[in-house]
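Take a look at this one chain, the form predicted alone, written out in structure tokens.
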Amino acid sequence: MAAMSTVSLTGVSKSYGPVHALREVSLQVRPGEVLGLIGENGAGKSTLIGVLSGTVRPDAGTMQVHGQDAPLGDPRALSALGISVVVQEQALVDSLRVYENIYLGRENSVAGRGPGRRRRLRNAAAVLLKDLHIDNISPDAVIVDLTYPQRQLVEIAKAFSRTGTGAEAPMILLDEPTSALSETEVEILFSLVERWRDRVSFIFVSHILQDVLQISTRLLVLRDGRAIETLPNDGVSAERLHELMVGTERSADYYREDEQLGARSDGALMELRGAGLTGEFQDVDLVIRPGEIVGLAGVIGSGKSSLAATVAGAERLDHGTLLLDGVARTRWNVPTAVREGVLYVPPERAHDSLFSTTSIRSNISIGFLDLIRSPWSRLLRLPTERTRTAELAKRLKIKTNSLSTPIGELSGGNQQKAVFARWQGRPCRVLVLNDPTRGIDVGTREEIYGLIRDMAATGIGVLLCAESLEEVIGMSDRIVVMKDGRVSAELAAPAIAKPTEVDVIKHMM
């Protein structure tokens, strides 16, 4: 007799107007199982996660937890039944400490009442963090002071804190948990999942197919809101998963440039000389040439992300010189950079790029509002705004029925396309990309890679900082490797002679 499912959904459907986000989706998560959930952006993964966590009420369907009917659309009740979620966009309170976030809303059940409760909560968090091998985060740290990867680890600790007994914690939903983690942190997470499988079941959602294949016991593929196939993770390749997700095979060189040099030039477009930012990097020399894609490689904490932000004006140099067209720029900030055509796509789109409750149109046009004002009245030319944003949304294939839709309702990939569309609306000379494909499916990733290559071919200089070494190697003409805040190597990466990952990694460690 088959084991009873920990969690099951039957015939779940959800529509938003004419858009069918889910169409009669059914799934089962069994005790001790890691169900890998994959699909393109817009396939319905986010909606399905919302149904499982209670934040989305479906139009039809039922849910059971341990064989008993569970209330759909009731996040508090489902949380009490033990459904925990680690979300990609994070749900922590910045002003609270780590231990306060971990046990938020459960203080009395964890530490009781009366004097000493805060001390007991802190001690419980310290034990939990130690058990999870999260050694670089203090229970007393304030969330706002942590890096994005550290906050992700706190989210994971918060979910694991609910696994006191099997009955209390039947399932943890891991939504893109590895997107900002280093390789070491990913291995720690995977070891935790393996260790806790006897207490809790998991649903693992990721666009990194190799991660899904490494940790999952069974796979569920979504496409256009439907469950296309459920299959055991036995001899399945990433290429096969891609074919199921998008209906076509993936090219092995989908991220690689062709051999055409386009509009590259030997002259320096932008330079850093002896650049330093206290606590982040020092003595950095960097050159970006027209039509060239320069990759930044390094482990988390190497200084590469701060270096990219500095080029874009989001950070200010403490030492050294930044030059544009050979002219030193002493007052370099984001407004100045944008006026000069140095445009930035930061790594955390939800926090740094998007106004989630405003429309798609407004999120795109905010990048070029200064260019569509009347020279006489200084008022915005709204017909021009509507026309231009519609053209950009169509060019970048943003999937939506209306540009008036709040951008927060789009999938992650379509949100990122909107960020790129924003900068397509104004002249660009240098494009700074900081982990631009984080949390994006392989199909959308291919589109973004094509867009980056097309921009470089017109003479735009590109600085690409990414956690994926494959992405940096495949996209770049030249790779600058960073280690402990310094440039440790600079490697040529022409299309016909790409360095291997080993060639790059030996300079990172």
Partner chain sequence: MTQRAPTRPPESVPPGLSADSSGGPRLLDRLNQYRNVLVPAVAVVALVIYFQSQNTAFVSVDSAQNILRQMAFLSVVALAGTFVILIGGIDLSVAANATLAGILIATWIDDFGGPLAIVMVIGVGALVGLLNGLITTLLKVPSFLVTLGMMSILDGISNSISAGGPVSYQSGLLQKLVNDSTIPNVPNGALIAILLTGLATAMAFATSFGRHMYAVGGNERAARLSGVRVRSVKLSVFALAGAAAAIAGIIFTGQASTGVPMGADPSLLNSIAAIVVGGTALSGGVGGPHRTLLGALVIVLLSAGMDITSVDAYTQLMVKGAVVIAAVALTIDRRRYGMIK
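Numbering follows the first chain given and starts at 1. What you see is a predicted model, and the numbers here were worked out from it, not measured in a lab.
One more form of this protein, predicted in complex with its partner chain, exists but is not displayed; see below.
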Residue contact check: residue 464 to its partner chain in the predicted bound form, 4.5 Å heavy atom: no
Contact flag, residue 47 vs its partner chain in the predicted bound form, heavy atom cut 4.5 Å: yes
Residue 237 within 4.5 Å of its partner chain in the predicted bound form, heavy atoms: no
Its partner chain contact at residue 349 in the predicted bound form, heavy atom, 4.5 Å: yes
Candidate stretches 128-136, 412-420, 97-105, 194-202 - the one whose heavy atoms come within 4.5 Å of its partner chain in the predicted bound form: 412-420
Proximity to its partner chain in the predicted bound form, single hit among 275, 314, 269, 244 (heavy atom within 4.5 Å): 314
Partner-contacting position among 151, 218, 158, 289 - heavy atom within 4.5 Å of its partner chain in the predicted bound form: 151
Members of 476-500 lying within 4.5 angstroms of its partner chain, judged by heavy atom, in the predicted bound form: none
Cα separation of residue 225 and residue 436 in the predicted bound form versus here, shift of 3 Å or more: closer
Relative Cα spacing, residue 436 and residue 144, in the predicted bound form - shift of 3 Å or more: farther
